[in-house]
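Just the one chain here, the form predicted on its own, laid out as structure tokens.
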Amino acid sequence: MSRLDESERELNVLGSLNGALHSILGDDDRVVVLGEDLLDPYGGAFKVTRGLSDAYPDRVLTTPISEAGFTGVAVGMAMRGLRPVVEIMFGDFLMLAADQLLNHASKYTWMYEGKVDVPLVVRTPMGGRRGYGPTHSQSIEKHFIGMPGLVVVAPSVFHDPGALLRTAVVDDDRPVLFVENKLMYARPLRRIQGGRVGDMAARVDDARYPTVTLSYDDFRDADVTLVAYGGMAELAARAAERLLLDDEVVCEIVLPSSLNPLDLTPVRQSLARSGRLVVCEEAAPIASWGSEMIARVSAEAFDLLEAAPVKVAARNLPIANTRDLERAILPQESDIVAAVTRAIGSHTTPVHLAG
């Protein structure tokens, strides 16, 4: 089983990640890949590891069904000088490895006074909208952003997912949770060319894990700042286009790839033009990344706000098996449009709109 062909690697998120893994394994013999059902011809549940075991049979290791076990093994490998990449088949199963991340990987550099690093990357598909039901459709990265010492990265189609993965595996000596929205795998990459993506002006900061900011008004003015990440990025972009065409509302879209640590600078810069904030995420609303974003903005950039921030998130329910109920639970484009409309008219009351 060969790697994905050149056109696939250039055109979609799956190809970008697969191509990056092939390149990383070819360039650095410290890199090993571990997880369930990775070996060819299967190549992983979502085919991100397709072709790897044929090309690098000694460094692509299929594991027993024990997320805690093989994540713990990978932590030890990282401490001994390797650069392991762990695949968790579904993000929902991360809770089985949470102890290894919370009490081990994220703590060892601090516990041993910087004498040891843990350059571990844990990749996992996250999110719903594929009808997989309550235990295979969740967005639980919010439970990991509060772990000191653990980096959480989530690419979108407006980023370069393969480049972000290479940075995490090769250049970052910290443990990294790399969140891949599963609906995004087949999506075409929205590449920035000449400072633009389609009809939008685009800026990318120089952070290790960059933030992309998109504007329909060449960054001169905006009515609302939309902040989203991962699979919600395209939904936010579609809502922004609809608001512009239907209501002449100009949104700036801020898309961080680093969820933790979180750099507020691009959000502050956008709020200086808009004064209104709408944060979009697919996770359940309680104690979420969106809540943290709004708390940080309220504490550090309150002077820029002209209205109460609005959060768009899933309903506080398990995700249903049926497509219609799943759609009712998860946030949709129409929810973002309604949230922006509410933000423009709101000055005092905090708002939460669920899908």
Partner chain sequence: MTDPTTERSPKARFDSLSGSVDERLYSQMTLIRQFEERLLQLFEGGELFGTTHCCIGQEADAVGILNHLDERDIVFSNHRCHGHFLVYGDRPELLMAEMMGKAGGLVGGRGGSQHICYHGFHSNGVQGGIVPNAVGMAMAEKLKGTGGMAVVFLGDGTLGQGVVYEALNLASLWSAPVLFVIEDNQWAQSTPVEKELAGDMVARGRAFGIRSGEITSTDASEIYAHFADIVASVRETGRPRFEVVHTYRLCHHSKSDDKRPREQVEARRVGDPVPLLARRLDPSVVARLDAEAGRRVTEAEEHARSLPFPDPSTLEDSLVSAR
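Residue numbers count along the first chain shown, from 1. Only a predicted model underlies this, so the values are computations on that prediction, with no experimental measurement involved.
One more form of this protein should be noted, the form predicted in complex with the partner chain, which is absent from this view; the next part is about it.
Q: Using a 4.5 Å heavy atom cut-off, are 61, 69 and 79 all in contact with the partner chain in the predicted bound form?
A: Every residue of the spot touches the partner chain in the predicted bound form.
Q: Would you mind picking the one in 114, 261, 188, 198 that has a heavy atom within 4.5 Å of the partner chain in the predicted bound form?
A: When the partner chain is considered in the predicted bound form, the option within 4.5 Å is 114.
Q: Taking 4.5 Å between heavy atoms as the contact cutoff, choose which of 174, 130, 143, 268 touches the partner chain in the predicted bound form.
A: Contact with the partner chain in the predicted bound form is made by 174 alone.
Q: Which of these stretches, 286 to 294, 61 to 69, 309 to 317, 43 to 51, has heavy atoms within 4.5 Å of the partner chain in the predicted bound form?
A: Partner-contacting stretch among the options: 61 to 69.
Q: Does residue 221 reach the partner chain in the predicted bound form if we count a contact as any heavy atom within 4.5 Å?
A: No, residue 221 sits far enough from the partner chain in the predicted bound form that none of its heavy atoms falls within 4.5 Å.
Q: Decide whether residue 99 counts as a contact residue for the partner chain in the predicted bound form under a heavy atom distance cut-off of 4.5 Å.
A: Yes.
Q: In the predicted bound form, is there a heavy atom of the partner chain that lies within 4.5 Å of any heavy atom of residue 203, even though the partner is absent here?
A: Output for residue 203 is no: heavy atoms all beyond 4.5 Å of the partner chain.
Q: Could you confirm whether residue 166 comes within 4.5 Å of the partner chain in the predicted bound form, counting heavy atoms only?
A: No.
Q: Along 94 to 110, which positions have a non-hydrogen atom within 4.5 Å of the partner chain in the predicted bound form?
A: In sequence order, 99, 100, 103, 104, 108, 109, 110 come within 4.5 Å of the partner.
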